Ligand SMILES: NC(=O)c1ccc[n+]([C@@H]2O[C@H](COP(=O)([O-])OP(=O)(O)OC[C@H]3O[C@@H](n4cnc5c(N)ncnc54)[C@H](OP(=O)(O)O)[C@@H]3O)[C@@H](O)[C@H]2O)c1
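Given next, in structure tokens, is a single chain: the form predicted on its own.
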Amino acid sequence: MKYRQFGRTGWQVSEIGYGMWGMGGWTESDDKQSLNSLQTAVDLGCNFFDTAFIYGNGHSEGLLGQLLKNNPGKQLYTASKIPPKNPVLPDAKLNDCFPEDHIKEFIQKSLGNLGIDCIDLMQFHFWQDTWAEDDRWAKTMEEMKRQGFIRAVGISINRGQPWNGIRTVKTGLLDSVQVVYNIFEQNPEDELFPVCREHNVAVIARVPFDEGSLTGTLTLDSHWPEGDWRNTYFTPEKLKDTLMRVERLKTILPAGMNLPDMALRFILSNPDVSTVIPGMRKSHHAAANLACSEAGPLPPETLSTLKNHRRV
């Protein structure tokens, strides 16, 4: 496993981290299987784990807490997220979504679920860049830092809105941003990444497999149980278009490389990314994904070709 500096924090984090959304109660999730996969990742050098309170109302955080107990003395970085009090609508005010007492309440809830005294990175789950000038969020988080409850502050940028955090990065008050970034969604490269580089803000790349399409396992007949998020994401029209894009990607796979490897190594080829957090619920998936770190960046000619496959 290779490690990268996590922005201005100075932490050395595994360039492939662990996204824990799927362990919070998705269909077919299994706690024993999840814990085995998490431990496999630790054994292979992964040290960055991203969860959130809303992933099963603390269930995913609880699994991470068990992992921490099972690995005393190991430097494992914990990242979680504060849910908004109300939906983050375009005209929502900061105090509607993240008032001071709400922020403090959920930091304490996450600490309890994790079974620790201090969370390394606490992120705002959803964001509006119009809140950049309202420094109440920053003052509250600075207080939480002083009291030893958190070490760093980040935002998780809304899907499809990589611009919706740039002003906040420019305030100098953030340690990290989390954003969707993959072969199909390359638009964070345009404006967000250069600003993060300028202000030494860490970048967490999420959804590296485009909710599963870039694993190459989806078909036109793919469907999920009622209530599963992927039914909303993959409308029939979008699924058809995505599968055509996937087929075109398969024609440019270098010899000996599969589609998930190419998807992860595409992200690792960008030095602006501090860590990428694929979701993994099985040990063999964890082992395969983490092996991409040793494989390193993609060949320049493949990377250049992939630039033409961006959807946005």
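Residue positions are given as counts along the sequence shown, with the first one as 1. Every value quoted in this text rests on a predicted model; they were computed, and no experiment measured them.
Absent from the display: the form predicted in complex with the ligand. The rest refers to it.
- Only one of 279-287, 64-72, 39-47, 242-250 lies within 4.5 Å of the ligand in the predicted complex by heavy atoms, and it is 279-287.
- 178 is the sole member of 78, 178, 128, 110 with a non-hydrogen atom within 4.5 Å of the ligand in the predicted complex.
- For the options 186, 140, 215, 164, the one in contact with the ligand in the predicted complex, meaning a heavy atom within 4.5 Å, is 215.
- When contacts are judged by a 4.5 Å heavy atom cut-off, residue 120 does not count as touching the ligand in the predicted complex.
- At a distance threshold of 4.5 angstroms between non-hydrogen atoms, residue 21 is in contact with the ligand in the predicted complex.
- Using a 4.5 angstroms threshold between heavy atoms, residue 260 counts as touching the ligand in the predicted complex.
- Using a 4.5 angstroms limit between non-hydrogen atoms, residue 159 touches the ligand in the predicted complex.
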